[in-house]
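Shown next as structure tokens: one chain only, the form predicted on its own.
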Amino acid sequence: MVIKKFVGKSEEEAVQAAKKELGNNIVIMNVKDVKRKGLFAAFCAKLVEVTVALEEERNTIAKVHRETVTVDPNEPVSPISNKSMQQASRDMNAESIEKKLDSLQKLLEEQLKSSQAKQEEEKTETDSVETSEKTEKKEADKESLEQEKFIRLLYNTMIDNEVDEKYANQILEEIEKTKRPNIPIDYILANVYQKLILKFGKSEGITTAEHGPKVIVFMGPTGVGKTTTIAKVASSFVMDDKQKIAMLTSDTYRIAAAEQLRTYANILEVPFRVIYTEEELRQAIVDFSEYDYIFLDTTGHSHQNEEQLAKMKSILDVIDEMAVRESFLVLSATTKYCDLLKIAQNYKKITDYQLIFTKLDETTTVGNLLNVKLCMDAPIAYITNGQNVPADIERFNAQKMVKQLLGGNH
């Protein structure tokens, strides 16, 4: 396997350079930002380093079959006719006849010995070929067994990380279809790694609206850290991206949550408003029409509360009448898989969404991120791993998550 690194101004440029040199069959192993070197490096944009792998083709060794010619020792010798013998007795004396017969006997004995020697040689060669074939088969069986053990190890690692058996089996079935003799274990690992990255897919996160403010709606059950997550995202947009945002909350049930969001808004020096009715929501969208984004914190409630889901649907309909909307379902990575699915399925009834997973610092297994993503076909936008604002949040990185799923460092 060939493993090389390529550097470009962007991931696409580095990948194109890799494909130009190694071909289109490369497997992307890792992508990371690297700093330029030199005196003016601080004033230049960062570069992107892409690590790729390419499996080298193995030559097939052709077997040469030897052709042997066998002499039949039992081939009959043309008999000497009586007439010939009588003629010989007239022309030759008895002594010369005996000498000729002796010579003929020696010739036959030599032919017989030569034929027996060739048969022994042929048998030795056949035994040697059979021994070689048995050795090759034994080595191939051993290699196949090692591959099976490694694939089983990958499967157990995913199961230990609480990846659903259905998805773990799907991944390994895809590997089995492409498996062939003499494949290095590194190639199998790279193949699984790449397939998992593709299954996680890419996430757009929050995108910019072409006209007017974009309303960013945060939904989810109580206790998942939704309000803190909004503060983290808003801080990044205000302090890093210099975006103009306003913050709203329709969560009138939990006074503490509203006051917490108000505190964050004051720190960021952005407007904040509590929304009690649909009319107040319409007015807020009009009032902040010159802003880049309006962040809306919604009421946290049980996913089984049909009445609250209906109210949420009404809020979303009002927004859609007046502005461009993006919705994010905030879930805790510590929630049981069956509960996560119920929550995600019920919110899917009212709208499409991207996923945000919180509290990754409170769990040792991350398989549920893959499970929910594949089951709901919803991209993962962000993950959080602590309570610090705005530090403990990051855009979802599929490569980093796959390494953790396969038991690597994270």
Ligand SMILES: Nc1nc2c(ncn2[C@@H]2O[C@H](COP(=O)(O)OP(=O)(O)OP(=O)(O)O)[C@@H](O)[C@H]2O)c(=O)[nH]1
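Note that residue numbering follows the sequence shown and begins at 1. Everything numeric in this text was worked out from a predicted model, so none of it was measured.
The same protein also has a form predicted together with this ligand, omitted here; what follows describes it.
Remark: of stretches 195-203, 169-177, 313-321, 215-223, the one touching this ligand in the predicted bound form is 215-223 (heavy atom within 4.5 Å). In the predicted bound form, residue 254 approaches this ligand with a heavy atom inside 4.5 Å.
Interface residue remark: residue 271 is not counted as part of the site for this ligand in the predicted bound form, having no heavy atom within 4.5 Å. Remark: residue 243 does not count among the residues lining this ligand in the predicted bound form, judged by a heavy atom distance of 4.5 Å or less.
Contact annotation: residue 260 falls within 4.5 Å of this ligand in the predicted bound form, judged by heavy atom distances.
Only one of the listed residues (33, 352, 362, 377) places a non-hydrogen atom within 4.5 angstroms of this ligand in the predicted bound form, and that residue is 362. In summary, among the residues 387, 10, 16, 25, the only one with a non-hydrogen atom within 4.5 Å of this ligand in the predicted bound form is 387.
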